[in-house]
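Listed next as structure tokens is one chain, alone, in the form predicted on its own.
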């Protein structure tokens, strides 16, 4: 098969686009291949156009693609919207009554669905069977998946199997000359799991010793709470769905004061409501993990689309100065690992830890080898013993005091006022200064003991250095496969920030390109603040869609063509503009940092 094969299945909401795409992904992994999916759907309660891209490859797939090799159109709108995304040799699988054309492989999807006995609801299953036939896949894998998916309803299992076989048989009997080996089953298949970020974070929280979670549903983190609610009895933690986001963080703080490892999650609008609680956790030195699933803002913005626009908000959330640790994940596996890290860091430093993800991470599926679920649980200076002359907020060189919980014989006060070492409210100058210095010194201790060196992908020395964080990671890594003279400085720790390491790396860089899913270049601003290095050339994209590898590759080529990489003193100052289909990238490459 080709290095990477791109399939898009589209239709109206209610036609089972997501379920069909996920089932096709499982067929691919059970055939020994790797997958990556990307889903688009409108911010509507009902209706609208849904589409899912499934990328299939013998090698690991890290990002979506602009172009499509096979378009499975369950309605005419899908063809109208995505026809311009097809490769020259691409094909369309659709009902002949929906569309006719040179690229079309016509199959009577609606007729076969009705003959199978399920009516229009089975069109997606007929299309799946036809796709398996067209790509040389194993029909038995699809039948087994149908049995697994509908095992509690045997009558549904049988009618879906009939529908799948009818689609498969139609292709084999009528379009044998078009059949490829894209889904040919390999030998010695290693088991793989398909997860998205919400799955990964739920599994990471459970593996990390989660004891309490309170989450109010909000796109894109709703899948996280579905997972946590499902497994709470099996793994012995409590999931609580509160009435709003303010209650969510306050419940998590209360559970943490009582000694439980606690977590909450939300998106930007809900995080706005949580900020007062975040400050409460800061001054009371209460461990709590907050997962922030970013989407396009401001206000309600575009609820079902992605953006990395809350980075600076997370860094500065809450009034006054208090320590918060801010981490950023780039894919589902990393989200799994960083949730475990966040729970440990929150306990160890007795402070809020914010984990940034976005809609693309939360909802895009990816295949992985089974995750390593064993983990080291570090509760820090938590004591369940009676401590003579206990002082909850005792001054210490590392900024961390011994922590106890109610009911262990240790008297202390938890309130939102500035306080002395026991917890009594105090506004004395010396006490205020000493408590502020104590709390804020946690970040220095954390940076010294736990903050890793930032990752560099590609060669240590390169003609071009890309800088980014978050879900742009996969697209950048895909692009690096074609450019051996380009490297990638990838950041997962944003506070504390690895300023010295980043400064040293970028000071040696010949040319720097910042890539972000936001309007302002918020990571570049953070780098300038912490290192003094201003990155002049940027790809900034904020239309809700991901940055595609093809767009990054075009930009890299424009840099190479436009000028020889300048000496280290200049950080890139090209006045170039990128306009790419289906989305437009605005880049801040002028001296004033504005967008073109």
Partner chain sequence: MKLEDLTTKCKSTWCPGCGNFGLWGAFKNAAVSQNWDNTNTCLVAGIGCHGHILNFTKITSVEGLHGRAIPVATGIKLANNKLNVFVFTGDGDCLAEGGNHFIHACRRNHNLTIIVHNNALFSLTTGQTCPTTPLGEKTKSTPSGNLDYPIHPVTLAIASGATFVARAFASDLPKLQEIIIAANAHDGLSVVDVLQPCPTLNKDYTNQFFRENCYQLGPDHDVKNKVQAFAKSLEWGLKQIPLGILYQEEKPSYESAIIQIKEKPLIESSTNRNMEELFKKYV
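Positions refer to the first chain, counted from 1. The shown structure was predicted, so the numbers you read here are calculated from the model rather than taken from an experiment.
Separately, the form predicted in complex with the partner chain exists; it is not shown, and the next lines address it.
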item: Which of 103-111, 80-88, 460-468, 241-249 sits within 4.5 Å of the partner chain in the model of the complex, heavy atom basis; value: 241-249
item: The partner chain contact at residue 231 in the model of the complex, heavy atom, 4.5 Å; value: yes
item: Exercise: residue 97 in contact with the partner chain in the model of the complex, heavy atom 4.5 Å; value: no
item: In the model of the complex, residue 373 touching the partner chain (heavy atom, 4.5 Å); value: yes
item: The partner chain contact in the model of the complex: residue 193, any heavy atom under 4.5 Å; value: yes
item: Among the candidates 257, 272, 501, 447, the residue which, in the model of the complex, approaches the partner chain to within 4.5 Å (heavy atoms); value: 257
item: One residue of 380, 119, 217, 406 in contact with the partner chain, assessed in the model of the complex (non-hydrogen atom, 4.5 angstroms); value: 406
item: Stretch 303-323: residues contacting the partner chain in the model of the complex, 4.5 Å heavy atom cut-off; value: none
